[in-house]
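As a starting point, one isolated chain is supplied in structure tokens, in the form predicted alone.
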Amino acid sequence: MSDDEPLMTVTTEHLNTGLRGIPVGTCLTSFVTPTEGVHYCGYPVADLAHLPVEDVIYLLFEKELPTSEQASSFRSNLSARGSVDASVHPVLASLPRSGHPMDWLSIGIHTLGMAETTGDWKDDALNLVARMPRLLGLIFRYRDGRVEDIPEDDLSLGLVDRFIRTLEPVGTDVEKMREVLNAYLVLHLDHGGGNLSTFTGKATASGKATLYASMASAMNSLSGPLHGRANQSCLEFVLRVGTSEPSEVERFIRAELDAKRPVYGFGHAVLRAEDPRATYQFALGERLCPEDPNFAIVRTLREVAPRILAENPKISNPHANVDIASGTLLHHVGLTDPEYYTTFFGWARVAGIGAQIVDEQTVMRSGKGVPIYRPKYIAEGQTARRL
């Protein structure tokens, strides 16, 4: 295709449709196909889910998987960046516990940015990636009122282990928690360039707001029930189902549809098959928690819901998406409050959005960067007036 060949013709039918399907730029980190789902720099994400999350973050920023030497150097690099400024503590202590954890996360990111912003897009992006485990662990602790004897951050640990160390979970299989969280993070790191939170973060950065302000705006976009908070809603949906008996599950789903309520955990804007991220998590659940009652429910939902949803010809993809099993796995390893699940999504997506902001601001247009976003809106129902 030549540089001046149009990708599509925009008509009035495209107006007021949320820019769906309208090309606005290019993405160097990831893409999505209808049958194989998300790819990171060309690799199907399910092929990467077993890798340490640090290696996949390296891939998003450097566009290649690290050698063993590069992986070790990158971990040391993140460790050197991981210290969280002490000013975060009094800010978190002042926040109302009734606020949603995503609001806490946005404020926490803003606080980190006010404490230190270098102005270098990549440095700030990697600094935030390195500080997220401690920030999120502290958010858990302050919201739970467990503020005494918070352990010192051990920067020699990996990202997941630093979160677990700060959290100090009780009565939990830490090995399972580590594996579930690592897989969750890898599976959620990035998702093309046009999802709401990524687009919001890049649009904010295009006005030369700081990386931290841009990422806070992305987290605010992610917090909505039609975007990142869907994984919270999905576990709440599973808990409402309450049984893994197929006929009862079918009765529940049909009742939800009759009441015009959504069936969470199914469907995807691009995919036309089961999301490979869901397939990976189902396999992980069969290995780690096959007897978990909530996992038994999602196992039945996987079989029953697509058949029922496919009865509606308007539903082009009735298959399971990434949200169907993720909350159940988090719940199994002791992270039982679904209000926090979107913060894990945000933790992961900081890396992908950060890498895309770096690309847009330092790589695109031969290094000049993408200009400020300024879409055109057409006046409607208005005429010129004079007083």
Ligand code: CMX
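Being a predicted model, the structure only gives us computed values, none of them experimental. One rule holds for the numbers: they count along the sequence shown, beginning at 1.
As for the form predicted in complex with ligand CMX, it is not shown, yet the points below apply to it.
Every residue in the set 230, 316 and 323 has a non-hydrogen atom no more than 4.5 Å from ligand CMX in the predicted bound form. Using a 4.5 angstroms limit between non-hydrogen atoms, residue 267 touches ligand CMX in the predicted bound form.
Residue 246 falls outside the set of residues with a heavy atom inside 4.5 Å of ligand CMX in the predicted bound form. Ligand CMX is not drawn, but in the predicted bound form it has no heavy atom within 4.5 Å of residue 151. In the predicted bound form, at least one heavy atom of residue 263 sits within 4.5 Å of a heavy atom of ligand CMX.
Only one segment in the set 289-297, 111-119, 255-263, 171-179 has residues whose heavy atoms sit within 4.5 Å of ligand CMX in the predicted bound form; it is 255-263. This chain is drawn without ligand CMX; in the predicted bound form, the residue among 309, 157, 241, 203 with a heavy atom within 4.5 Å of it is 309. Along 8-27, one residue reaches a heavy atom to within 4.5 Å of ligand CMX in the predicted bound form: 20.
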